[in-house]
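Okay, here we've got a single chain as structure tokens, the form predicted alone, with questions on binding and movement later.
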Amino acid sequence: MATMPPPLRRAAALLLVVLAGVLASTARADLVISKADRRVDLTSHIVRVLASLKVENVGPDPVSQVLLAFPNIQAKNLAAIRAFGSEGKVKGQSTVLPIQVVQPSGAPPELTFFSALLPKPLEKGKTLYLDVLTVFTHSLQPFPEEITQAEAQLVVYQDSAHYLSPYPVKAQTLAIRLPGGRVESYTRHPNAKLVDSELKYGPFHDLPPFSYLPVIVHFENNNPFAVAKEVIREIEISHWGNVQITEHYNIAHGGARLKGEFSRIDYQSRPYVRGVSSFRHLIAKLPPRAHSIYYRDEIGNISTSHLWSDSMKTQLEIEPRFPLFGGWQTTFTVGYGLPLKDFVFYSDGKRFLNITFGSPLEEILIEKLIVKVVLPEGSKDIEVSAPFPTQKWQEVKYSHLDIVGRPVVVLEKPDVIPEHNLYFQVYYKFNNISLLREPLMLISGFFLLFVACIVYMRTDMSISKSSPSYLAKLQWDEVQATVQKIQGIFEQCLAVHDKLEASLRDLSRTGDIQSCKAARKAADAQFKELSKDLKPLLTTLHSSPQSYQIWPKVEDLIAKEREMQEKLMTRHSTVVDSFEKKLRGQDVENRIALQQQKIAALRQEVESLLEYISEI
């Protein structure tokens, strides 16, 4: 027999004790299961069990329900249960049977009972063919719970080789389908047989009610254990022709936790050996006419995805930024658009959305799924029809150009599996006139904007020309224009100064005294002409009341420039006179040294005053 982990061993022992005490008190003698064939699918981390039962009524009275029993340790992980039945000597067309939780009299609290309600009572001697599909989550326990990067993942599954039922069972078999790979151990009974990747137990005959024979299988399962801690699925309806789907995922690897360090080099060189227990991608099957598909996370768009589409389906392969090992998790967002006419219909005065409830990702367990249906603004009389129980409430969402907000229907359900990916409906009333609300708001907004622009352009917003502030502004503008002209004259004076300096340099180089005198004479004429142009400007500036700040600086500038002009002309005469007397160069330098220093200082002061006046 396989080595059983301690928690499973204690649970099995407790269950055997409980069942031994309830065989007589809870047995139902009206029905007999003449044949029970069970098939357990362990190829995924979601366990699916299909029980095909042949039920006979051997009692005197008609029976309207069939009880289904599960241990509490197994029922707490039950995510979905469905029953299909057909009455007759041979198995025919099956109908879906309603399922509800019941508590039969005398039933122990360690067992959970469900009742499959028959469409009509099963008469004495009649036969019912019943197929029961049960789906369990968290039923595969990693053992060991931690593995290294290079190790394969081993899991343990516990069940009963006998079909646990409140009715006697004449004949039964059990077939367990494994994912392939290594089978570490399994419970060996005399009629147990492992063929390829299928483990078979039975047949068993003439078993009493609540017969239980523990079975434990320890095997390798490296398929993706994709567990979403939370998924928020938003479905936004726009009657302009689109249904926008946005899905926010927080996915973790629910298998054996990674022990030790992760080596990217080893993983990339041998990914199927050095990362066999991880998974790198997920498959999402979208509706065939999905468009505008994107896949991103908090960083931005994720380019490691592949899309295939045809007339029957659209398949999106999602590859996270890094491989997921046990205990690792990642978050991302998937969005796409759908044609409105494929999912929103009209019936009996109401529109209704008909779309699937769950996630399009394959073989994913969602521990908490929140579906938000955002209806157009103005929707009313909202009703929801779901194929299974959910928590429901309503919210309001505000988007662009909304006034009262858009009604949002919120559905929440725990432990959602692919079997829950069924169609649900949201019914609501919506007036087509409401479609014109946003266009009319835009048209009105632009119209008012244009009217405001026309009024603004035709309105005289200027200050009155007789107001003191307007007159002061005109005076200040006149002062600025005058100052600019004065600055131009002084800059011309400085240019004449530079020409005089250049004539002295030419004199020392060529000795042409006549040319130097002609340059001085021309400069003197230019100075007189500039002084003549300056007088009316100074008169205008002095007479303006707005020039009180700048006038002292202008007066100082005039005095400094005239002094520099006089010093420069004196120095020019001294140099020319020295050249006529044929004095030595050193003697000439000595005669003009003090004048040169004074001229340089005055030049610097004049330029500083010009810069100051320009800033004002």
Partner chain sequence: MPEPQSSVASSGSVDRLRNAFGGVLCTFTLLLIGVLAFSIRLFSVIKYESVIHEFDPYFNYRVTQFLSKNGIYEFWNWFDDRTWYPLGRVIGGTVYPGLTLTAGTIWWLLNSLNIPLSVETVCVFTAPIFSVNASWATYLLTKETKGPGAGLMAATILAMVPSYISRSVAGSYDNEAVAIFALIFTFYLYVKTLNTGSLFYATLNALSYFYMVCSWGGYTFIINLIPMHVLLCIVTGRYSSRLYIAYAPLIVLGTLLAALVPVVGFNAVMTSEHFASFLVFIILHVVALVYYIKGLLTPRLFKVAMTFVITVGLAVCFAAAAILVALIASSPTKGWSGRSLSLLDPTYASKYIPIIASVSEHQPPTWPSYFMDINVLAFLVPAGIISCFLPLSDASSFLVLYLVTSVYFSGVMVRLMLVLAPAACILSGIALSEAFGVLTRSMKFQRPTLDDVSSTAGDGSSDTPTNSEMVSKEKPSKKNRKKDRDSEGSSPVDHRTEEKLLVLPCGPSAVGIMLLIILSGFYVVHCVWAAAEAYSAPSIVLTSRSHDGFHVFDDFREAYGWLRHNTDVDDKVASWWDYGYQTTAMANKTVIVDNNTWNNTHIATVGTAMASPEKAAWEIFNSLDVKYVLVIFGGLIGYPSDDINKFLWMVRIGGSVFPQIKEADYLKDGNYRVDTHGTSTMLNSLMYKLCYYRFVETDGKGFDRVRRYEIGKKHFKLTHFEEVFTTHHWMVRIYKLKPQKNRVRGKLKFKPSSKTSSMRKTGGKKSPWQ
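Keep in mind it's a predicted model, so treat the numbers as computed, not measured. We call the rigid core the largest set of C-alpha positions that still match within 1.5 Å between the two forms. Positions refer to the first chain, counted from 1.
The same protein also exists as the form predicted together with its partner chain; that form is not shown, yet it is the one meant from here on.
With the partner omitted here, the stretch from 156-164, 299-307, 113-121, 69-77 that lies within 4.5 Å of its partner chain by heavy atoms in the model of the complex is 299-307.
The partner is absent here; in the model of the complex, the one residue of Ser515, Gln103, Gln329, Gln526 having a heavy atom within 4.5 Å of its partner chain is Gln329. Residue Arg505 is the only one of Lys535, Arg505, His205, Arg458 with a heavy atom lying within 4.5 Å of its partner chain in the model of the complex. Under a 4.5 angstroms non-hydrogen atom cutoff, its partner chain in the model of the complex has Ser608 among its neighbouring residues. Lys259 belongs to the set of residues with a heavy atom inside 4.5 Å of its partner chain in the model of the complex. At a distance threshold of 4.5 angstroms between non-hydrogen atoms, Lys429 is out of contact with its partner chain in the model of the complex. Taking the partner from the other structure, its partner chain in the model of the complex has no heavy atom within 4.5 Å of any heavy atom of Arg509. Site residues Ile265, Glu491 and Gln604 are all in contact with its partner chain in the model of the complex, judged by any heavy atom within 4.5 Å.
Contacts between 478-495 and its partner chain, taken as any heavy atom within 4.5 Å in the model of the complex, involve Gln484, Gln487, Glu491, Leu494, Ala495. After superposition on the rigid core, the Cα of Glu319 moves by less than 2 Å between the shown form and the other one. Shown in the overlay between the shown form and the other one, fitted on the rigid core, is a CA shift at Ser508 of 2 Å or greater. A movement of the C-alpha atom of Arg571 reaching 2 angstroms or beyond is seen between the shown form and the other one when the two forms are aligned on their rigid core.
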